[in-house]
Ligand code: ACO
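Read the single chain below, which is given as structure tokens and is the form predicted on its own.
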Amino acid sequence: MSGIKIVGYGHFVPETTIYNDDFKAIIDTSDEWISSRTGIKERRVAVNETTTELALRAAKMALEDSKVDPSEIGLVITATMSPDSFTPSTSSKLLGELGIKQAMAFDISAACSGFVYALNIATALLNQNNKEYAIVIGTECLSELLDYSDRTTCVLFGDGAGAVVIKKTADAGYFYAMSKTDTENILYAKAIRGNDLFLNSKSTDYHLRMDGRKVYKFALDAVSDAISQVLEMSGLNVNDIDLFIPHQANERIIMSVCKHFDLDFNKFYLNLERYGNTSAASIPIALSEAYHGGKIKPGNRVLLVGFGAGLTWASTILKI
């Protein structure tokens, strides 16, 4: 089994910024209430952009950063729970814009764990493919799924996209991964369904809904489990990791994980203060920012850990 190495990083967020205090006009909340409970101060909202357009901007940046010719890309996987269309997939629509011809291209839905799931899938598929390179993307327009009268959800989420170009490598030690799913309906968004001619059924609520307290408890257990398992798999310990990049959901969760592993909070990269929870896009945005900002350098070991609806959780250790 070969491993993978990231050779290009990209991210893109919409221009429109919504600050915590902006919500006071529509719901009973405040900057202090939101930031003290989550660590979020602002988030980006796609006004003129689509999920596909966000993905395209991030993927173009990653492809340019990699200096890989589009003809060498054999696989494109996009993780999203907010696609513009069910078919064609987001990945399929990107091929022509990126100059890629006849690559395998499809989307996956694993919510906030989606990018790590997609990275794990891409690694496995490259091992069965005569191509060396793949693009893996996380992209979301969660603003389209939010009920702005529900203060338990609408203040938490934002829009954006992140992407990486990965290369197959003979060194399996460059990559370790685990992914899990456990069915529990405490975080969900229903699929859009029209009227059924025969059953006369119609779904009326397509908004993202969650049981905040149960999700918080799940997240604490899931992140610790995902980190512990991938470390055991690799034979490494927490001190061997140069930077942890968690799903950007809640600062309190990350602080609790730090205490659990007796780690310095600075070993965790956070940008949720500026972007909120961007679901499948959160980890690749943070990963790209960390790389381009000089927080990680060649030779560093980075641990990615995601958790979200499904319920899903996943982790990966990469050597940069």
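Since the model is a prediction, treat every value here as computed from it, not as a measurement. Residue indices: 1-based, along the sequence shown.
Not on display, but discussed next: the form predicted in complex with this ligand.
Undergrad: Okay, which stretch from 104-112, 69-77, 229-237, 123-131 lines this ligand in the model of the complex, with non-hydrogen atoms inside 4.5 Å?
TA: This holds for exactly one stretch, 104-112.
Undergrad: Counting only non-hydrogen atoms and a 4.5 angstroms cut-off, does residue 50 reach this ligand in the model of the complex?
TA: Output for residue 50 is no: heavy atoms all beyond 4.5 Å of this ligand.
Undergrad: Contact between residue 272 and this ligand in the model of the complex at 4.5 Å, heavy atoms?
TA: Answer no; every heavy atom of residue 272 is more than 4.5 Å from this ligand in the model of the complex.
Undergrad: Evaluate residue 292 for contact with this ligand in the model of the complex, applying a 4.5 angstroms cut-off between non-hydrogen atoms, and reply yes or no.
TA: No - in the model of the complex, heavy atoms of residue 292 and this ligand never come within 4.5 Å of each other.
Undergrad: Hey, in the model of the complex, does residue 256 get a heavy atom within 4.5 angstroms of this ligand?
TA: No, no contact at 4.5 Å.
Undergrad: Using heavy atoms only and a 4.5 Å cut-off, decide whether all three of 155, 252 and 277 touch this ligand in the model of the complex.
TA: Yes, because 155, 252 and 277 each have a heavy atom that approaches this ligand to within 4.5 Å in the model of the complex.
Undergrad: Only one of 241, 81, 165, 100 comes within 4.5 Å of this ligand in the model of the complex by heavy atoms, so just point that one out.
TA: Comparing distances to this ligand in the model of the complex, the residue within 4.5 Å is 81.
Undergrad: So which bits of 114-142 sit within 4.5 Å of this ligand in the model of the complex, heavy atoms only?
TA: Residues within 4.5 Å: none.
Undergrad: Classify the change in Cα distance between residue 182 and residue 225 in the model of the complex as closer or farther, relative to the shown form (magnitude of 3 Å or more).
TA: Farther is correct, given that in the model of the complex the C-alpha spacing of residue 182 to residue 225 is increased by at least 3 Å.
Undergrad: Please say whether the CA atoms of residue 212 and residue 182 come closer or move farther apart in the model of the complex, knowing the change relative to this form is 3 Å or more.
TA: Closer is correct, given that in the model of the complex the C-alpha spacing of residue 212 to residue 182 is reduced by at least 3 Å.
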